[in-house]
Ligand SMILES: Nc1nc2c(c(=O)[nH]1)N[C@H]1C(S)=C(S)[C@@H](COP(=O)(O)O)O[C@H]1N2
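Before any questions on binding or motion, here is one chain by itself as C-alpha cells, the form predicted on its own.
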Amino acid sequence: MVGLLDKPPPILPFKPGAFSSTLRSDKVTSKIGIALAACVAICFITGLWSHYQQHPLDWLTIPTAPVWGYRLSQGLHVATGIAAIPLLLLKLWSVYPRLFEWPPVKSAAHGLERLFIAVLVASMIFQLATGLINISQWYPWTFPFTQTHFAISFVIVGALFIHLAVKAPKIVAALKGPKPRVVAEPGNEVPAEPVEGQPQPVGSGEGISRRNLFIVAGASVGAVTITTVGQTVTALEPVAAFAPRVPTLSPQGLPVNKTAASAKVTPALVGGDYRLDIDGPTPLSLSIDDLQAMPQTDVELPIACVEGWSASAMWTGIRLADLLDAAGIDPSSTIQVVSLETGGNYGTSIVAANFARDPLTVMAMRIGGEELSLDHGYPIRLVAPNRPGVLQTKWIHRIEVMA
C-alpha cells in the first residue's frame, strides 16, 4: 500500500515527458510518409486508369494490348492499397502525440493546416477501410461505392498535395540532416538512438533502434502484400492466406462474382428458345446450335476483376469481328452487348471498335475445353484483352450498333 501511495502521478497527455519514445523523429515520420505517399500515388493512378476503362472518355482510346495490362494495373491498385494500411497506422503512431499539442490551434494558418490534416487522415481511413471491405465483396453501405471511391481519391490527393507543400522544408531538412536529437515534447530531450548499457526511458522502445523499426515496418508491408497478392500473381497463390479469392480453386478455374441466380438468369432463358440477336444491315438471330456450328477459335486471356483477383484461361468461341461482319456492321462502329441479366450496373457493355475488331476478342462458349457453366455466362459471353472483368459481359443475347 505504501508503494502505491508513493507512486508518482501519471503524466497527462499534453504535458512535457508524456511521449518519450526515442523511435519518433521527423526523419522517421518523413521516411514513412514518403513510402505511404508512393503507395497513394500508385493506387491513385491505377485507380484512375481502371475508372476510365469502365467509364471511357470520348477522347481517350484504351489500347487492347498488352492483354495483361488491366491485370497488372488493377493488381497494383489493390496491392498498394493493402500495403498502405500498415504504413498509415505506423505514420499515425509516429505523429499522434501532436494531437495533444497545447494550445491546439496557435494561429489561423496553424488551424487551417490541422484542418487539412484531419481531412487527409479521415479520407484515407475511409478509402482504405471501404476498399478492403469491397475486395471482400461485402457491401454494408447504401452509397454507390464506385462513384464515392472515385471522388474521395481526389480529396486525398488534394489534401496530400497541400500537406506535402506545407511540410516540404521540414521533410527535406529531416532527410538531409544528421541523426537528430529527438525532442518528443518540449523539455524532454532524449538521445536519438538508444545507447547500449544505459537505461532507457519508459516507452522509449527498450533498445529498439530506428533501423529495426523500419525492418519491422517493411516486413509488415511485405507480409500483408505477399499473403494477398497471390490472388493475381499465380506464383504466390500458395501463400495467399488472406486473399479474398483463390482463382484456381473456383469452378472452372475462375471465381464467380455474380451468379446466374443473383442475375435472375434461369435455365429456361437459355433453353431452346434462346437467340443471339445482332442488329445491322443484315440482322441475325442465331440459336445455340447456329453459334456452335460457326468457326471457333481458341484464345488465352486473363479475366481481371476490380476486386484485384485475376487468372488466365483458354477460351473457345467465335471472333466478335466475324459476327459483326456477318451482320454487315461497319468496322469503325462502336457496339453494345446486352445481357439477359436484369438490374445491376453491368447488364450492358460498350465495346469500342478497336476492341470489337481485335482478333483476340471472342464471344466465348467454352472455357478450358468445357462448356461454360451457367454461372460463367452460358451460353455465350464476351472475353476481350486488357479489359476489366465487369465488362466481360455474361449471358449475352443482343448486340447493338452504337455509332
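The numbering used is simple: start at 1 and walk along the sequence shown. A quick note: this is a predicted structure, and the numbers were derived from the prediction, not measured.
Separately, the form predicted in complex with this ligand exists; it is not shown, and the next lines address it.
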| query | finding |
| --- | --- |
| Among the candidates 257, 316, 220, 146, the residue which, in the predicted complex, approaches this ligand to within 4.5 Å (heavy atoms) | 257 |
| Heavy atom within 4.5 Å of this ligand in the predicted complex - the one residue of 53, 46, 339, 29 that qualifies | 339 |
| Segment assignment from 353-361, 38-46, 55-63, 372-380: heavy atom within 4.5 Å of this ligand in the predicted complex | 372-380 |
| Interface membership of residue 346, this ligand in the predicted complex, 4.5 Å heavy atom rule | yes |
| Contact label in the predicted complex: residue 305 to this ligand, heavy atom within 4.5 Å | yes |
| Contact test in the predicted complex: residue 23 vs this ligand, heavy atoms, 4.5 Å | no |
| In the predicted complex, residue 386 touching this ligand (heavy atom, 4.5 Å) | no |
| Contacts with this ligand in the predicted complex - residues in 372-401 whose heavy atoms fall within 4.5 Å | 375, 376, 381, 389, 390, 392, 393, 394, 395 |
